[in-house]
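Presented below, as structure tokens, is a lone chain in the form predicted alone.
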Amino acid sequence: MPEISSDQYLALFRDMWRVRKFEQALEREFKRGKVPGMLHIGLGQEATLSAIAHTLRKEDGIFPDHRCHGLLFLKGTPGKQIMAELFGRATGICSGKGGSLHSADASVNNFGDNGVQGSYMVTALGVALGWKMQGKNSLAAVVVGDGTAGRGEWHESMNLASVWKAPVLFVCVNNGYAISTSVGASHATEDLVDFAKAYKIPAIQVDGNDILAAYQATQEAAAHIRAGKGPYFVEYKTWRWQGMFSGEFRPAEEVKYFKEEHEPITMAKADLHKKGIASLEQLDAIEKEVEAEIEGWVAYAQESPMPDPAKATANVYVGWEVESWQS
């Protein structure tokens, strides 16, 4: 397994806190009516996002899913611009037009998500194949959930990625439920690596709440792809704190286990302390520093202006202007 330094471990820990504090602040402001549109929160999945972000390079492409807010700023986009985007403000990375599902940033090769989950698995093939044809050593990382395994794009994209030996990193964040349907109730297997192996793609399943296991697996996958060996599939077994809707539909013992006993930040904190990398006081200080950082982003978003309605039709088509409805 790839070695990890104490500084790298602490950086992974800090970024897990950044993701969590971002999501908690975002959810809080959403409930206050400050964040427009729909919102899907990824609390509990912080280890997977931190592991992915610390593996990717700026020149790598990312196709995030709808619970990847943290990955958007961990990839390199200024966090305050991501927050402002989700608040629908003019200072957002997409001028407030993208929101939660459509935030993209070409400067860091973030190609954005869309409302059709899994469709971007096919889009990523074009990007990856183009880079391969150009002789670049970049990869395209596609983040999908377990529910996407039931879509045709999942199988079509993995088949072609395997045939073309395309540099695609398939990262499946398996949090156990597609809306409220468990993985085992909708798929022939609860271990989604089985699907990847069927397409002759190297695949590994790891504990997505164990930051070191998640990081090391992602590093190995990226190394395989950069060596020109084709795609790789990583399945992170994790769990999301919230259900898709208000109310809890999961067994009480399951909720307790993942929120209290097998929770990624708590596990990492205990391990860092046990290994003598940092004291509990130092680790608590990281949480407080991150919280102040995120609240600064919230303040920036709230103080930012709303978009100019006159610019609503700008950038809809490249090189074209859309005629105003007021004309």
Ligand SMILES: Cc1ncc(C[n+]2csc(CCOP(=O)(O)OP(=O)(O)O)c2C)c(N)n1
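All residue numbers refer to positions in the sequence shown, first residue = 1. The shown structure was predicted, so the numbers you read here are calculated from the model rather than taken from an experiment.
The same protein also has a form predicted in complex with the ligand, omitted here; what follows describes it.
- Here the chain stands by itself, but in the predicted complex one stretch of 60 to 68, 277 to 285, 26 to 34, 296 to 304, 60 to 68, has heavy atoms within 4.5 Å of the ligand.
- At a distance threshold of 4.5 angstroms between non-hydrogen atoms, Gly96 is out of contact with the ligand in the predicted complex.
- In the predicted complex, the ligand lies farther than 4.5 Å from every heavy atom of Thr91.
- For the chain shown alone, Gln205 is not a contact residue for the ligand in the predicted complex, no non-hydrogen atom being within 4.5 angstroms.
- Contact annotation: Val116 falls within 4.5 Å of the ligand in the predicted complex, judged by heavy atom distances.
- Among Ala185, Ala223, Ala198, Ile179, the residue placing a heavy atom within 4.5 Å of the ligand in the predicted complex is Ile179.
- Here is the short version: of Asn109, Asn209, Ser100, Asn175, the single residue with a heavy atom within 4.5 Å of the ligand in the predicted complex is Asn175.
- Residues from 121 to 153 that approach the ligand in the predicted complex with a non-hydrogen atom closer than or equal to 4.5 Å are Gly145, Asp146, Gly147, Thr148, Arg151, in the order they occur in the chain.
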